[in-house]
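Form predicted on its own, single chain, as structure tokens, below.
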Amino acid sequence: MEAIKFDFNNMMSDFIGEQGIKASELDNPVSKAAFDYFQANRGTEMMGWADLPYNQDGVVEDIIATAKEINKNFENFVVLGIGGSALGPIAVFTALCHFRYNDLPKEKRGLKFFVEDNVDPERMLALLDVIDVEKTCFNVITKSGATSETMSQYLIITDILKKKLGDKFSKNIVATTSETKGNLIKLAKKEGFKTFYIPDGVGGRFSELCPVGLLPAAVLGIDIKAMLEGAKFMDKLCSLDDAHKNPALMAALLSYISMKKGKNISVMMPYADSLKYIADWYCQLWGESLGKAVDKNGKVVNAGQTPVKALGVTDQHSQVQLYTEGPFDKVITIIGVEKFRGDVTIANGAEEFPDVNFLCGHTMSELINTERVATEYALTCSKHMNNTILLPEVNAHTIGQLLMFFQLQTAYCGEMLNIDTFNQPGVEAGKNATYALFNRKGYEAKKQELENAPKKNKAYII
């Protein structure tokens, strides 16, 4: 299989002048130190995700067999989850399934697929309007079994199922959770749910290559073995401590240096609708992993780079004006596809209008890729940092490569910044405040803290 390519020419001062990075700056010992730390600790604590391409043979066979049974017995498959439990499955579904998948006639698709990743009541009501719950398999995904959003959905759905199916309701539920702790594993054992386990060393944003993402993908008919092989392929490409021979390490080093130069925004801009939600998944991975108040020594650093999602060509007509002429505070990462899975030729016509007719006879893939190259050129001419990741085509293997590339880049970069890449204290703060506002037992002190907080000034509300 072909490897994805990482082109960072337009990050360098050779191409964008003083806004770029000098070749000498790439000889930074922080790069090898980060690689050595990762290699020494991979597979331990919260770096269990690094071993997922290698240690799931039995789990994968169980997932594939379960997916076949689900397809035999149901018409719909619904993921109940939030964060990494939702963004990963959505990204892979969009990348590897038909763009209008749920709208296809039944003979051209598998089960209809939905991901409920919010607690907007109108969203839940809309889902219930379009599915028959008795003919739906619900995959409840939460490692702790205490995620308020997911467990509220679980309670709503199981209440409906129990009223319709009685004791047989458990056949409609698959739980993906911790094997050893939390509420959902207790419920799964009590109710007899089919259960898959999230390894202890795998956090939500790094979980797409474990049962969190593999089960939904398998249900959709995606080749999950090829995804894992792609991840393994990328991991092996990144097995050297020389950044010039390790694409993810080079990407991390460039990100680290760019942050030190004040480039505080990371724009992810795929030029393929199939990769649109890869940018959403990346935003959580990058933002939640690197956005930290303190470093490992307790020093206040307020680290991180704000991730922004864009879509080529759509956002050439909205955001690119800012990227080419705005502040030099961004790095734009473009994702391109060399060969699309289908193409459309632009028909002849409008001969009297040369400014339209020049398109005739060309293909839409030519047009989108030409516009991608033109955007790279415009960004480079305006001296704005940009780099390109190029997929030979979009398939299970290259998506596995891409997911692993970003995960490795994130892990390396977090170590260069000397922060805990895998915790999320800012997220926990919001969760704890929510628990307190709902009068959850054990959060009385937080409730008192909220009550003692300054009251809103009505003068500032118009």
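It should be emphasised that the depicted structure is a prediction, and the values quoted were computed from it without experimental measurement. From 1 onward, residues are counted along the sequence shown.
Only in words, not in the display: the form predicted together with a small molecule, which the text now covers.
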Would the small molecule be touched by all three of N73, G110 and N172 in the model of the complex, meaning a heavy atom each within 4.5 Å?
no
Counting only non-hydrogen atoms and a 4.5 angstroms cut-off, does Q284 reach the small molecule in the model of the complex?
yes
Do K263 and the small molecule share at least one heavy atom pair within 4.5 Å in the model of the complex?
no
Is E288 close enough to touch the small molecule in the model of the complex, meaning at least one heavy atom pair within 4.5 Å?
yes
Give a yes/no on whether G83 approaches the small molecule to within 4.5 Å in the model of the complex, heavy atoms considered.
yes
Mind telling me which stretch in 266-274, 129-137, 238-246, 144-152 gets its heavy atoms within 4.5 Å of the small molecule in the model of the complex?
144-152
So which of K330, K292, R372, R205 reaches within 4.5 angstroms of the small molecule in the model of the complex, heavy atom to heavy atom?
R205
Work out which of N432, Q56, Q424, N395 lies within 4.5 Å of the small molecule in the model of the complex, going by heavy atoms.
Q424
